[in-house]
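Take a look at this single chain in structure tokens; it is the form predicted alone.
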């Protein structure tokens, strides 16, 4: 269970949000909405443990995530707005290295199956720098398909994707939630996911 308790965030001399509280349990989706500059990405980074809040705390299964460190990070998969793809490496190399670093090593055949599922089978040996924006985003999404994390934290996950990739992304986020996972998704688009439990959080500038 994830608990956010009276969270506050300040960037520079500006308060982005304060007294923000909510919780998420297994099988639940949270849509995070708000215009640019409202603090969506800052909130996601706090939830991941990459930034510290100005006030309040984030708890995972009853414990402050600041005290859990690696124990918490193993349970979290974070996909930022930037793809974190290595331009000089092929799609296949990017996926295998990223999965290995995350503690989920893949052999070549396993990685190829994932790339085929995401529609990059014919691009697997190309350096990432020659891939289109949509293909690079698809490559970033493969890290979710190989993750064993319970909590997915996603920043504008559908950005740059074509219609087929959007449908695929919606499917595997829905599958993750139906299988007892949780997802917190910052988005400007309606996700239209087939899930039983969903809450929407709106941030204001």
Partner chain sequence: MFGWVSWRDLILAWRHRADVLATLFFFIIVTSLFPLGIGPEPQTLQTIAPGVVWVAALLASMLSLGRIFGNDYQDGTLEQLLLTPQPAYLIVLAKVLAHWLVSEVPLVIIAPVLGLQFGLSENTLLIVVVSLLLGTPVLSLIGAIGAALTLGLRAANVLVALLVLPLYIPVLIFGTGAIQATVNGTGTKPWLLLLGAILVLAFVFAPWATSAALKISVE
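Residue numbers count along the first chain shown, from 1. This is a predicted model, so every value here is computed, not measured.
The same protein also exists as the form predicted in complex with the partner chain; that form is not shown, yet it is the one meant from here on.
Within 4.5 Å of the partner chain in the predicted bound form, a heavy atom is found for none of 158, 166 and 195. 85 is the sole member of 131, 120, 111, 85 with a non-hydrogen atom lying within 4.5 angstroms of the partner chain in the predicted bound form. Partner proximity in the predicted bound form, defined as non-hydrogen atoms within 4.5 angstroms of the partner chain, places exactly one of 47-55, 24-32, 173-181, 158-166 at the interface: 47-55. Contact between residue 93 and the partner chain in the predicted bound form is found at the 4.5 Å heavy atom cutoff.
In the predicted bound form, residue 143 approaches the partner chain with a heavy atom inside 4.5 Å. Residues 102, 103, 105 are the ones in 102-123 with at least one heavy atom within 4.5 Å of the partner chain in the predicted bound form, listed in sequence order.
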